[in-house]
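Form predicted alone, single chain, as structure tokens, below.
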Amino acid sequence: MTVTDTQVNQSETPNAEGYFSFTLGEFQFRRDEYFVYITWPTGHHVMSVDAFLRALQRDVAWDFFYGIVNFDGVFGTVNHYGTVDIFAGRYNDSYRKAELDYSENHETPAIRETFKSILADWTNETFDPFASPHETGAAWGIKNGDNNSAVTRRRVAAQRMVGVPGDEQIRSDESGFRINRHFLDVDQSEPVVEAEPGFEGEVVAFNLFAYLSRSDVTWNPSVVSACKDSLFCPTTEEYILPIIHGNDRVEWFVQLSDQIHWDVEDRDTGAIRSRVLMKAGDVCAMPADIRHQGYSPKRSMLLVWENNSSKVPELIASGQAPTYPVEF
């Protein structure tokens, strides 16, 4: 089933807790004070509302990201870069064996607008789905205003490199963002660049650690440099990655500070493949046939290196490219 209508279908009136319910194809979504309830023709599912909103925030902000965004072990989306699958139980062996799994394909604008509307209506003014639990209020309770300034943040994506004319940069003297409590020891000095006359806009450098120390979001990779299809996407991590990311290409991880625990599972079944502890200075590659979720006990810095080529998923799916980056 492919849905192309971009009209958002929501209930005519809010429920007793003040929230609207939403329909997307045969999927129905509603929330109360604590939980989100998802139903589809062959089943139903319940999620904690804070976990659902944190996952939904990233699915919307990343425009459905690369490959699979699992909200948990049951519900999620698959990006086909023009259309998006919304599924329940598709990557869960138990649901598939019980024939409870279900999937629909939607034109990207249709699912995007519905998810944005759910996020806007269900996020109260006290809650920021992008922030760590320590830095925001609770998602629980009856309807209480909104936090549209938080849920509509624009993802930073440099076209060339942070600091190059035309690209944004968080600067200590102009951004207004405070240094995060976990990064108070990070040197804030900027490199001194002495470019030859005529090259002032071409020779640029910036302090990546200072840049990241002032990030007010977690688990949100921002593009700081782009060289053709090669993207450097650093991020700050605290608490739990709100999604389980199913790869459709290889991702390289460089742990810049502190540490992250990773659960690595088979992408299609959820079977555990490995558990990885990355400490500062460690480098690893997440293969294209796995899914992963991270746990960061202290706010840490992670550099994610992505190949943005639209050809990669097809090459891997057809067997023309391997699911791993290098053979030793």
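What you are looking at is a predicted structure, and each value in this text was computed from that prediction instead of being measured. One rule holds for the numbers: they count along the sequence shown, beginning at 1.
Beyond what is shown, the protein has a form predicted together with P-hydroxybenzoic acid (PHB); the following relates to that form.
Exactly one of the stretches 207-215, 107-115, 233-241, 85-93 approaches P-hydroxybenzoic acid (PHB) in the predicted complex with heavy atoms within 4.5 Å, and it is 233-241. Taking Glu251, Asp248, Asp128, Asp121 one by one, only a single residue has any non-hydrogen atom within 4.5 Å of P-hydroxybenzoic acid (PHB) in the predicted complex, and it is Glu251. Trp219 is the sole member of Phe183, Trp219, Phe75, Tyr102 with a non-hydrogen atom lying within 4.5 angstroms of P-hydroxybenzoic acid (PHB) in the predicted complex. P-hydroxybenzoic acid (PHB) in the predicted complex comes within 4.5 Å of no heavy atom belonging to Arg267. In the predicted complex, P-hydroxybenzoic acid (PHB) sits within 4.5 Å of a heavy atom belonging to Phe65. Using a 4.5 Å cutoff between non-hydrogen atoms, Leu302 counts as a contact of P-hydroxybenzoic acid (PHB) in the predicted complex. Heavy atoms of Phe29 never reach within 4.5 Å of P-hydroxybenzoic acid (PHB) in the predicted complex, leaving it off the interface. Of the residues in 86-118, none comes within 4.5 Å of P-hydroxybenzoic acid (PHB) in the predicted complex through any heavy atom.
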